[in-house]
Structures are given as C-alpha cells and as structure tokens.
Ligand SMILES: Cc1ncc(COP(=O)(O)O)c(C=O)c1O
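In structure tokens, the next block holds one chain alone, the form predicted alone.
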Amino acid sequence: MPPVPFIDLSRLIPEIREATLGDWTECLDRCEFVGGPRVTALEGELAGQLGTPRVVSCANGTDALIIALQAAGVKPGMKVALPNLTFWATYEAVVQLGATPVLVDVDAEDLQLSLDELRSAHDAHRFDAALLVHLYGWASARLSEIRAFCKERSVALVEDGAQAYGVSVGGRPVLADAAFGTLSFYPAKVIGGAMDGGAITMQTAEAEALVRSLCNHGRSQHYSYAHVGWNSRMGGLQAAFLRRVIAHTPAILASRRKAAAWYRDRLASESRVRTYGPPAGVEENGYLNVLTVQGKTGAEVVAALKEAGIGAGRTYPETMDAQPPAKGVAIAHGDLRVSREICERVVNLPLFYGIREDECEASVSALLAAV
C-alpha cells in the first residue's frame, strides 16, 4: 500500500476549486484585499455555525488570542493561568501582553485543563485571567464548572477554540456561551483557510466594538485612536476560500468523526494501547487521534510508524514549562505530572477529511507491529 500521510489537505480542494477560483477573480477585479463584503459575510456565517452572537475575523489564531486577552482586560503585570499542555501560541499570547503565565496541569482522563488544579493554582497565585484551551478536538467534562469558578472568582476567561470548530457540549457549540473565544484557520485545522487566519467570538456589542478597534490599530475614527491595538485584519481572498470550506462543514465533521471513532473502536481491545477521546456529553470534531502506548515513548512509536510509511505525529511533544523562553518567566503550579507524561508518550495516527478506512487500517497495523 502507498504511504499514508499524516494529513492531506488536497482531498477537499477538488470540491471547492472552481467556485473558489471564481470568487477570487471577483475579489481581484474589485481589489477586495483587506476587509470587504466577503469578510462581513464570513463573520455572519461563522456566528451561525458557532452559535455565538458576534464574530470578528483577524489575521491569524495567535492574534486572536492576544486581542481576546486584551479585550478581556489583561494588562502588563497581571497573572494568567493556562494549561501546561497546549500549543506555544497560548503561552506566547500571554507574554506578548506583558502578563505572567501560570502553568496548570491537565486532567488525566480528558487531557483538558484540570479544574482541581485551577482552583489550587488560584488559591496559591491569585491569577487575574485564565486561558481555557479546548484541546485535541473535544472539551473538558467540567466546562460549566470551570466557567462558574472563573465567574465566582472574578477571573476573566478566554477560551481557545483553535482545535474545537464543530465541537459541542450538551448539544450546544462549545464557544456559544464563551465570554471570549478564539479560532484559528491555519490550513491544517478542521476548518482551514488558504493562508493564516483567525477569529474572535464574543457576547456583547460593547465587546465587539472593542475587538474591532483592537484589530485595526485601536482606531476610533479614521486616523483617530482609542487604544494601542494591532494590525490584524482579514481580506476577501481568504474569506472567499473559508466561505467555500465552511459550506462543507457537515461533510468535513462527518468524515473526521467517523475516522476518530473507528480508531478508538479498533484499538479498544488492545491492552498495550490507550486511546483518548471526548468525555460524556461532548461531541468531538475529529481533529486528532490521540493515544499512548504502554512501555514505549511517543518518539519511539512515531519513528517506527514513519519507517513503515505512516505519517504519524506527536501533538505535543513538549510541555510549556520545558520551553527555554518559559524558564524564569512562567510560574509552574504543582508537579505538572500529567501534562509531562502525556507529552512524553503521546502519538497521533493520520486523521483528516477524506481519509479512507484502508488507510486507517494500515496505520493501526503499523502501530501494532511497532508495539
């Protein structure tokens, strides 16, 4: 059998190519390069799919985090809690605003931010805000409790949904009730763009006005400014592509969810392999296959898989506290044992829109041969 890629973005392109080329021709003819009617239309369509009243697009997912944190009130000198298991941009956004990251461990079952550790960290460090990451394509079993805890303690909460497009909790889209949520449209995401892109969700008109200003240099009027903001805007070419992609959301989610469930079912009886997935009441989006192997490191397993022609990955191989720029900057709460162990052992098998069952079977066969 031919090699199986870790991700293959080309499987969606034939389905949207002609329509997208037509859209792009119109964008070029109209010089629709920054903002414009397609960006406005995209924001409305995103709000509809995400179940949130307001969405503002921006240039990328990292900007979305920075701007959402700033809109939530994060200022230099504040402390912001975030999971020790996440992508670097989550950490980076906090530091870019001059705040101090407080690294908190994750739950051993669903691998999301641990509520118990979050409570303990607040007692110890009194952080002002928190970044809750909906990691791996699902969400915490204790999402409502985390939100309630932050509200009770007056902790501003921003929810990182970069990996969570299409995730639902209790039948509602995961970001529907978030005070501030963020999205990434990096091409490898469940809903990916033709280039970097991002968006921010919010609940109120006041928050939307602030976010729009921060995305556009803090502007209040043309050449008048109410804030020190950012240059983070989307243009018509990206919006046109994304609108064609989100029109395929049901098919994309169905394909990914089917593959994610297939892997878990196929490996359920394998005592050497532990698979992870959404807790009860949470519907995943099929973003990632996540597993660990007894007695093997993730690096060992992935090396064997790649040797067999399987494009496996490791999301993520290192924790935030292990990164050199975090040394002497971040506050590490507790022993961070769970996040460290997962990063040491995590393995991801290929999973993408349009993956075939024979490709999944080849991936599992190579995995079992490697363990």
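Start at 1 with the first residue shown and count on from there. Remember, it's a predicted structure, so these values are computed and weren't measured experimentally.
Quick note: we don't show the form predicted together with the named molecule, though the next part is all about it.
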Please name which of the stretches 159-167, 209-217, 146-154, 291-299 has residues with heavy atoms lying within 4.5 Å of the named molecule in the predicted complex. 159-167
In the predicted complex, the residue from 197, 236, 181, 101 with a non-hydrogen atom within 4.5 Å of the named molecule is 197
Contact residue in the predicted complex, chosen from 252, 94, 133, 242 - any heavy atom within 4.5 Å of the named molecule: 133
Looking at the partner-bound form in the predicted complex, is residue 189 within 4.5 Å of the named molecule by any heavy atom? yes
Could you confirm whether residue 68 comes within 4.5 Å of the named molecule in the predicted complex, counting heavy atoms only? no
4.5 Å heavy atom contact, residue 89 and the named molecule in the predicted complex: yes
Taking heavy atoms and a 4.5 Å cut-off, does residue 52 contact the named molecule in the predicted complex? no
Which residues in 94-121 have a heavy atom within 4.5 Å of the named molecule in the predicted complex? none
